[in-house]
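Only one chain comes next, encoded as structure tokens, the form predicted alone.
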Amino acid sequence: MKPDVLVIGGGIMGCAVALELARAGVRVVVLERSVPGAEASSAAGGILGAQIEAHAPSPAFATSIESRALWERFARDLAERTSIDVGYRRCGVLRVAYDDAAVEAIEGEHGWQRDRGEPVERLSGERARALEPALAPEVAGGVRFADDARVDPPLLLRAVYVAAARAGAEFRSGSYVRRVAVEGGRAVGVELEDGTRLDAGAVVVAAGSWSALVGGVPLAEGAVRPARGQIVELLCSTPPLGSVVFGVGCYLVPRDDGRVLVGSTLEFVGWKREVTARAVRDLLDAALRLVPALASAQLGRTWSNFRPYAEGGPLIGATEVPGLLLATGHHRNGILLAPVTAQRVAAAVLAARA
């Protein structure tokens, strides 16, 4: 049967949208050129940083807060559907600095959130080390966002994929979409690289950094472009941190099994999927300054991938082409924004069908 919706891309956005639609009884097919979660989604740090990533009031801040509030239920629902613990931990996020002037700057950068009812705790160096004893003695203080959280992206991608498939979504790997098929000014399906035409009532583009390369999508060249991030994984016998910590030149994301992710660079270098010696050196230097005990950790993996960057923020919902919707351009906050994106895109699809 012809699907109701074709979703281009099997990352966190495509899978989450498919899950939301399938739960609503919509026949949905996800077209993925590789395997679900093979790109940026499963390579992310997994920080649910609605507050740490916000530096000024904006509609995007409100959207981030809304999505963060959905996460506990989202993770619990995935566990009930799949028995997979996606590593959701409301652990809080610290941002710290090494001198009083920098601490004041951090407070000034984030203090406005307090006026909007969000918890922002000013930390002295002593208070920061009381929360996280492994922090270096030279840490002068910072701020804490108690409601920000973390999740384990590879586990998350597996859980969302399994949940969507069990709800009835169909996944087709190895599907290279050349363009969106438009007839009479309306999206009616897609054309694959081999010339095959697949028809559907609506099309959702969730192709990450590749979204603007899909023919027929009303996005200017470079409207969504790749922002490379490099991450180093360290292996510790026990977790050295409980919170996510942002320092000077790096952030540290702990895992329950003792792993610590050291991230991350931000580089506009096109499609060069590389890990560079300079980035690894700089990240490790910053991490060891922040938490000296990491010097004895084992070096695990290193990797890089492409965040989908869109000037002005994420592209979510209907386009000027009826039947064509977007779920892309989330940059550093794709994992955080997955629940609210899925809800909004599914709501737009269902409203158009009503």
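Just count from 1 along the sequence shown to find any residue number. The structure presented is a predicted model; accordingly, all values stated were derived computationally and were not measured.
There is another form of the same protein, the form predicted together with a small molecule; it is not shown, and what comes next is about it.
Among Val245, Val177, Ala164, Val217, the residue placing a heavy atom within 4.5 Å of the small molecule in the predicted bound form is Val177. Stretch 225 to 233 is the answer when you ask which of 91 to 99, 225 to 233, 126 to 134, 196 to 204 has residues with heavy atoms within 4.5 Å of the small molecule in the predicted bound form. Of the heavy atoms in Leu19, none are within 4.5 Å of the small molecule in the predicted bound form. Proximity of Gly142 to the small molecule in the predicted bound form falls outside the 4.5 Å heavy atom cutoff. Shown alone here, Leu336 lies within 4.5 Å of the small molecule in the predicted bound form, counting heavy atoms only. The small molecule is not drawn, but in the predicted bound form it has no heavy atom within 4.5 Å of Gln51.
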